[in-house]
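Consider the single chain below, provided in structure tokens and representing the form predicted alone.
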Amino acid sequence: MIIDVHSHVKNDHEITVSLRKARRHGIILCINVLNAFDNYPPTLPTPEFISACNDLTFNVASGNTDCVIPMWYLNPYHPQEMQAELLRRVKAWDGHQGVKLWTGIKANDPRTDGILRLCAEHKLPVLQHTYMAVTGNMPGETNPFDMRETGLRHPDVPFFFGHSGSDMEYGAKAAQGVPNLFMDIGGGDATNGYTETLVEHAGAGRVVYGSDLNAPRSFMSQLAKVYGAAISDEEKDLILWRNAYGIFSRQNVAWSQFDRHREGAAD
């Protein structure tokens, strides 16, 4: 079993292909749908746009409970509406679930606090795009030290530190001493030493597999970062599924994608 904490789909074709590949390779996808009204998200998607995307995510997850975990898409630029949206989704879904925050504002902006308190209450992991662009970040884009501040402010929320901040050494060092920050390897090329650097600075128990699928990325290029790394098999297992499994297993759910996945594998 592999758990991919960072996957996006935008249309029916991507959904079909992603699910086929996931089942072939034994991958559980933590998915959010980024497309609604036949349109990729604008810079500041409206609550209506967000809700429509989550309707699509719900449909994908409902029809593929063996290999999909929904990651509810929220734009914290609209804090009150997003808290209501999150509560509605949590109440309607009885399986494992999480949250993906849009880059409308930085993760450490006080407007995220209400959303993140709800995530702590419901034991929801949060995937946060985190980047440090050479040419400068976008206005609402979270950088590694914004992510560090967020993790310290909300110690009861497990965060998937998206892309490990784009510079894995800088990102992992920013996450030191913040045990609820889990370094997501998704995105970028399968560079030698990528995963080893994260393990060295953060520890294998705080690294998770993500593909950033369809951004455009492939499972194989991102899995190569783990399978080709000079680390132990036990450390690879932690990264590929055990760390994410431990996070999602904190949720009190009526049924488990992990159990269904294993039952399907046994068949």
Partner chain sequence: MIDANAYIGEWPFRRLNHAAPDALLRKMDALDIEKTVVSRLENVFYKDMMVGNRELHRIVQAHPDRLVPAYTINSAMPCWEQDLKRCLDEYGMRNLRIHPNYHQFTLLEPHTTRVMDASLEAYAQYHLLTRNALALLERAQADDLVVLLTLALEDSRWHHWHVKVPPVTTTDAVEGICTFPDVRFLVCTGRYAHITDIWRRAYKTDNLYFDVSRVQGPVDDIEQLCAQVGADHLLFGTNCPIFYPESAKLSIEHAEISDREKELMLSTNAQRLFAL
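Residue numbers count along the first chain shown, from 1. What we label the rigid core is the largest C-alpha set whose atoms superpose within 1.5 Å from one form to the other. Just so we're clear, the structure is a prediction, and the values are computed from it rather than from any experiment.
Same protein, other form: the form predicted in complex with the partner chain, not shown, and the subject of what follows.
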- Task: Specify the contacting stretch among 202-210, 221-229, 63-71, 35-43, defined as having any heavy atom within 4.5 Å of the partner chain in the predicted bound form.
- Result: 221-229
- Query: the partner chain in the predicted bound form: within 4.5 Å of a heavy atom of each of K21, R24 and Y194?
  - Reply: yes
- in the predicted bound form, the one of S166, Q83, N108, N143 near the partner chain [non-hydrogen atom within 4.5 angstroms]: S166
- Since exactly one of L118, V90, A190, V178 fits, which has a heavy atom within 4.5 Å of the partner chain in the predicted bound form? A190
- Message: Can you tell me if Y77 lies within 4.5 angstroms of the partner chain in the predicted bound form, counting non-hydrogen atoms only?
- Response: no
- Do S51 and the partner chain come within 4.5 Å of each other in the predicted bound form, heavy atoms counted? no
- Message: If we define contact as a non-hydrogen atom of the residue within 4.5 angstroms of the partner, is R217 a contact of the partner chain in the predicted bound form?
- Response: yes
- Item | Exercise: R250 in contact with the partner chain in the predicted bound form, heavy atom 4.5 Å | no
- Message: Please determine whether the C-alpha atom of Y40 is displaced by 2 Å or more between the shown form and the other one following superposition on the rigid core.
- Response: yes
